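Before any questions on binding or motion, here is one chain by itself as structure tokens, the form predicted alone.
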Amino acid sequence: MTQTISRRHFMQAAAFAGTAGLSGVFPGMSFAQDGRKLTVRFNRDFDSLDPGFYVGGHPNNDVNWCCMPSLVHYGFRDGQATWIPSPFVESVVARDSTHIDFRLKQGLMWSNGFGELTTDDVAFSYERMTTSEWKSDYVAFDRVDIMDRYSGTIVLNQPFAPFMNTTLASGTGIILSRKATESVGGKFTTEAPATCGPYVYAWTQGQHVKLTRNPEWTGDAPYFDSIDALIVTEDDSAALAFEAGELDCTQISSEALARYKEKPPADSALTVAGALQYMWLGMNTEHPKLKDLRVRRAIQSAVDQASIIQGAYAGTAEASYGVVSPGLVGKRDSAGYSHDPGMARSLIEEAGASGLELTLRTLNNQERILAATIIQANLAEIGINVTVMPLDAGPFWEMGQESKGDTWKDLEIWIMRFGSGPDPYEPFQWFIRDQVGIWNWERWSSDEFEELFKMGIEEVDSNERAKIYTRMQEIMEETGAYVWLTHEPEVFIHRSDISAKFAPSGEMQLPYFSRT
């Protein structure tokens, strides 16, 4: 078995390394031969493909990168995550810190008769993102100056180091057809009104997503004729399917990783696709049961992080001390609290909260359920009775969003994991004041945090950025609303003859897959 596990892939990239004259081609591309089929696993159905109003991550980005345009994609240079021009462009050049010139390839057609991909589509897509749920990715975006049908310049209103890697290369850099999007009222979910890419998709809910060659695609052809993405929600079932030869590539659990490192399946390879994830136990600061800071700090002190890493992740996950992931500027090496059940009991007694009953909500997968069970036992030791409520992906990702119903009013504590791009700016955007009721489910705000967030956008010096982001994590921790848990790795097992490509955030870059 080959193991390609390296933390160096997750180092912060030089975001504005100008790349003049490069054209986006898929490595090892050639036109298809018979029998080129790939079978992979998605761990859930996608909820939306609209880059302005979706959860992101798996499997939404995996599908969009097959079927939708963008100016740049993730790549690696010298072991570091960076951006590369996509197959949709002749060139992308970061001329300076506030101007990015691009030229689209000609003749790339939208489906359903919506015409050719043009600069106007790029301008429309990015302007639309400034008022979307992901608007923080576009905080420095000013406009697109359209030169002609295929050429333009992205103009930023200030230098913004993460713009190439965090904004354009991630899923929020997807380009939509203006005409098609406006024809459906400006938003969509799982049925994209028009696609433009090397593949088209067909989705059978709860079963599979089928990606097949786009007959209208005139760009470079990917290696595989078709990709079947089977929806397998359980990690153990996916591992068994791989061992049985039913999958060519699947994400696996920490328990399976520990097992495969000892005794791998034949002809297999392990790849850590990303450790840019941060997981925590969150608390609703507005809920009557949790308004008292002493209760929240008691929960911080009661939870045994080391037991969770060993018991739920077989020791394979890295301890987290904030939202900045390993390899990025601002990563902390310790928290401002420690596991201290005695202190936790004293705080609960002081707050008069003994016998408190809480509901802990979590995604229904093996590691999260195990982590939740350990937290349940930890809190029982200090007189808090916890009911664990496992949820499927749909209701889980909606539970703290005011636009999705009233569940947010009853939300008490939960296990949450977000993914990040290869820049420390990205995780903080979800905890600003504007995100309360959207993704800031802890529902707090801080003037100091808001000011530091603005400073981080403008700062380019790494040492100063580290100071800013360290302080921002301290502020989050001081609310008592966060118990840092792990930086959970995204680990995949695949056939050893498959050249698998992943984004630093852990999604599969399926059009770049090939067979060696």
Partner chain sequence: MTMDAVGTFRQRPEKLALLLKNKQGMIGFVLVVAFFLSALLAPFLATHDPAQLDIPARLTGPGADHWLGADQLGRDTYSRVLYGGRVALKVAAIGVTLSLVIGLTLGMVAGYGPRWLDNALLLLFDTIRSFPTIVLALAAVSLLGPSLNLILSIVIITSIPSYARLARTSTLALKNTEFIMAERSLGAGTFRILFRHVMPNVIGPLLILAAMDVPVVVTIEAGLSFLGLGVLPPTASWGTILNEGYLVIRTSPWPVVAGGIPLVLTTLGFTLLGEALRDIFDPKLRGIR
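Numbering follows the first chain given and starts at 1. None of these values were measured; they are calculated from a predicted model.
The form predicted together with the partner chain exists for this protein as well; it is not shown, and the discussion that follows is about that form.
Of these, E127, E349, E255, D120, which has a heavy atom no more than 4.5 Å from the partner chain in the model of the complex?
Contact residue from the list: E255.
Can you pick the one in D392, D410, E402, D96 that has a heavy atom within 4.5 Å of the partner chain in the model of the complex?
The residue from D392, D410, E402, D96 that makes the contact is D392.
If contact means any heavy atom within 4.5 Å, which of 275 to 283, 323 to 331, 358 to 366, 82 to 90 contacts the partner chain in the model of the complex?
Stretch with heavy atoms near the partner: 358 to 366.
With the partner left out here, check for me: in the model of the complex, does some heavy atom of A221 sit within 4.5 Å of the partner chain?
Judged by the heavy-atom cut-off of 4.5 Å, A221 is well away from the partner chain in the model of the complex.
Residue-level question: is V155 within 4.5 Å of the partner chain in the model of the complex, judged on heavy atoms?
Residue-level check for V155: no, no contact with the partner chain.
Quick one: does D434 come within 4.5 Å of the partner chain in the model of the complex, counting heavy atoms only?
Taking the distances in the model of the complex, the answer for D434 is no, it never comes within 4.5 Å of the partner chain.
Look up in the model of the complex whether T373 has a non-hydrogen atom within 4.5 angstroms of the partner chain, and give yes or no.
Yes, T373 lies within 4.5 Å of the partner chain in the model of the complex.
Going by the partner chain in the model of the complex, which residues of 259 to 282 come within 4.5 Å of it through any heavy atom?
Heavy-atom contacts within 4.5 Å come from R259 alone.
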